[in-house]
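Quick setup: one chain, the form predicted on its own, written in structure tokens, and binding and motion questions come after.
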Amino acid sequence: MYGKGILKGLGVTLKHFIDTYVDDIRMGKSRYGTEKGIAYRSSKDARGIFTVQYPEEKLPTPEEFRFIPFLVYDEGEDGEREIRCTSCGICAKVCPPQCIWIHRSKDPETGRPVPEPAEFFIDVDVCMNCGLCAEFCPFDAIIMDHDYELAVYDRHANNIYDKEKLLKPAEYYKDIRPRNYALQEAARAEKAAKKSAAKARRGKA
């Protein structure tokens, strides 16, 4: 004892300090500000200081990373937005912290519900990012986003997202979750093919 532990600790710190400069010289400019550098510093082979210089550098988010949900819409042939959400309310029912509110649209003449939300709200400060809303949605209309930079000064003014703020195109979904999107589209195509085949059989009968 008598200070040996402190000296050993200082020795470890000094080793990391020296290793950082050795790695800097060995890798040159590619160690910082590049995908290669970030991947290296995230690996088991990294020596010395391996922190990421956020916000200039950001760790790549894996496809299954989940943060605030968003609503998906498809681009129609006429350029109109075709919102996948039918305001069925399943997402609001399964949400553990109850941070989703939906107001259904109604036909002004008949007063019957229309399969599209008039308003859709998510309190992102209450959302626990569990992904149950996306998992249970039968129409693949709600997907977990990768955007985690949500710092604001006024949460009531900025962190209660309405329908317009939540809506994002299917192309955005394809960009952040390519594998999931491909599987989803394959399932949708298979379902459509089965529906067409059943319709054809009924026509023959």
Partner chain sequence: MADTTLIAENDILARFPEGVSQDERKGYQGYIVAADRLVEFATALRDEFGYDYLSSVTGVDYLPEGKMEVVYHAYKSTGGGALVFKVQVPREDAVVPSLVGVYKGADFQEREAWDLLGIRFEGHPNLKRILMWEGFAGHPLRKDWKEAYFEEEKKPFDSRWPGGDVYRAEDKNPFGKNVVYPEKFDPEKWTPVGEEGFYGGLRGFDAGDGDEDLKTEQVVVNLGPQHPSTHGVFRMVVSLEGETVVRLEPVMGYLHRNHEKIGERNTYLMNIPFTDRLDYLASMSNNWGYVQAVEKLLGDKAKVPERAEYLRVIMAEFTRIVNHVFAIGTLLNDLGAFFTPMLYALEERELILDIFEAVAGSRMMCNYFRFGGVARDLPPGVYEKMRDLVFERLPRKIDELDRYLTENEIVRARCEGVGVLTPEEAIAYSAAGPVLRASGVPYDVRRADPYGIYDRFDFDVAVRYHGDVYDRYLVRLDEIRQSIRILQQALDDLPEGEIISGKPKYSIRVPAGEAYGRVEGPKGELGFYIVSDGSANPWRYHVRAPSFINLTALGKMCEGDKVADAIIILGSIDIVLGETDR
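Only the largest set of C-alpha atoms that superpose within 1.5 Å between the two forms is called the rigid core. Residue numbers count along the first chain shown, from 1. Note that this is a predicted model, so its numbers are computed, not measured.
What comes next is about the form predicted together with its partner chain, which is not displayed.
Q: Would you check whether its partner chain, in the model of the complex, lies within 4.5 angstroms of a non-hydrogen atom from each of 5, 65 and 95?
A: Looking in the model of the complex, the three residues 5, 65 and 95 all sit within 4.5 Å of its partner chain (heavy atoms).
Q: Of the residues 22, 193, 12, 186, which one places a heavy atom within 4.5 Å of its partner chain in the model of the complex?
A: Flagged contact: 12.
Q: Quick one: from 50, 139, 32, 172, grab the residue that has a heavy atom within 4.5 Å of its partner chain in the model of the complex.
A: Filtering the options by heavy-atom distance leaves 50.
Q: When the contact criterion is heavy atoms within 4.5 Å, does residue 164 count as touching its partner chain in the model of the complex?
A: No - in the model of the complex, heavy atoms of residue 164 and its partner chain never come within 4.5 Å of each other.
Q: Would residue 107 show up as a contact with its partner chain in the model of the complex if we use heavy atoms at 4.5 Å?
A: It does not: once its partner chain is placed as it appears in the model of the complex, residue 107 has no heavy atom within 4.5 Å of it.
Q: If you check in the model of the complex, is residue 103 within 4.5 Å of its partner chain, heavy atoms only?
A: Residue-level check for residue 103: yes, a contact with its partner chain.
Q: Taking its partner chain as it sits in the model of the complex, is residue 125 in contact with it (heavy atom to heavy atom, 4.5 Å or less)?
A: Taking the distances in the model of the complex, the answer for residue 125 is yes, it comes within 4.5 Å of its partner chain.
Q: Where, within 141-156, is there a heavy atom within 4.5 Å of its partner chain in the model of the complex? Residue list please.
A: Contacts from 141-156: 155, 156.
Q: Rigid core superposed, CA of residue 10 - does it shift 2 Å or more between the shown form and the other one?
A: Yes: residue 10 shifts by at least 2 Å between the shown form and the other one.
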